[in-house]
Ligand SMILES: Nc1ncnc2c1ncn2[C@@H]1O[C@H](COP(=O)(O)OP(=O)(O)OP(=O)(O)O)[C@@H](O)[C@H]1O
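What follows is a single chain, given as structure tokens, in the form predicted on its own.
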Amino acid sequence: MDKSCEVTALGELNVDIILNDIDGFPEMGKEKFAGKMTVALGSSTAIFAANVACLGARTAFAGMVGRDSFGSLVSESLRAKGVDTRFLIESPDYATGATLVMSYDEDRANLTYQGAMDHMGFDDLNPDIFRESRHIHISSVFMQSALKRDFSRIFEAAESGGVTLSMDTQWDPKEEWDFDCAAILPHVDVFMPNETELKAITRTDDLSGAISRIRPYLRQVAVIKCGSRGSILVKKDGEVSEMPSFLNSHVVDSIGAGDSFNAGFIYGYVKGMSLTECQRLGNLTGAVNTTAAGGTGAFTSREAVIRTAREVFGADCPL
């Protein structure tokens, strides 16, 4: 069967209720005002899917939503972004997840109701995913207990189908960091945590020490996001390459910047770019993300991304 999907995003789906211009941090028994509110497609995996599709990769989504208004918003938003939704599952039993995002300058505080996304496991998935996809991306593993439980079956199906795989752990809301690097990373072609997550997973306070702990298990490469300092590429052979960021002096918000980095990197990866080119494109798309509100606001079209890269960052965007 032909690989009709260059990228399939697998996992979490929810809406984001984004609050900006907030009058300070929430306090028990008190009320604060937010100057702006946006209700939009949310979840790290969905932001990734929408943005990698915008860049020009043929993209599908495999996830679970409820039969409710938020589920309709999610599916309609994905289709509007050019994402193939044939693998979406509508659950009659669980509501669509939702995240309240409180944005403060370059950081944010999130409160999430997991809903349907926490219940989707391997047996819910259409097996065509592993026949029709060239690459699968998984994000937010600690928010999806059923999917995490079934990792070994997902890895086996992906490898049987000749599918490459990337993974971004994201934050663990329980802060338990139950992630077996020795069992998981040999099956992941591109591992994509940020530096805080990597140190937590490896239980070390030192970034270089954390890198040393994952290197023996890498299948191909890890790329570590370091915010305004850029990113670090770590190859299986031990080569480490640091690359500075494209700095935005007028950040609107940073919601989804890491997911947009992932989108740029994986776009380059499936298009056959070198790992260094993938890293640069990831840095650039992560920076473009900060020029508009929300995780997909800056990704209205491929041409818009190219224009923003040139006008704001003085950079050519190889799309």
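The first residue of the shown sequence is 1; numbering continues from there. Values in this document were obtained by computation on a predicted structure and should not be read as measured data.
In what follows, reference is made to the form predicted together with the named molecule, a form of this protein that is not presented.
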Would you mind picking out the stretch of 30-38, 265-273, 283-291, 61-69 that comes within 4.5 angstroms of the named molecule in the model of the complex, counting non-hydrogen atoms?
-> 283-291
Taking 11, 99 and 109 as a possible spot, do all three reach the named molecule in the model of the complex with a heavy atom inside 4.5 Å?
-> no
In the model of the complex, the residue from 170, 114, 220, 164 that sits within 4.5 Å of the named molecule by heavy atoms | 170
Heavy atom within 4.5 Å of the named molecule in the model of the complex, from candidates 208, 241, 228, 160, belongs to 228
Contact between residue 75 and the named molecule in the model of the complex at 4.5 Å, heavy atoms?
-> no
Using 4.5 Å between non-hydrogen atoms, is residue 248 touching the named molecule in the model of the complex?
-> yes
Should residue 202 be counted as a contact of the named molecule in the model of the complex, where contact means heavy atoms within 4.5 Å?
-> no
With the cut-off set at 4.5 Å between non-hydrogen atoms, does residue 194 touch the named molecule in the model of the complex?
-> yes
Output the sequence-ordered list of residues from 259-279 with at least one heavy atom within 4.5 Å of the named molecule in the model of the complex.
-> 259, 261
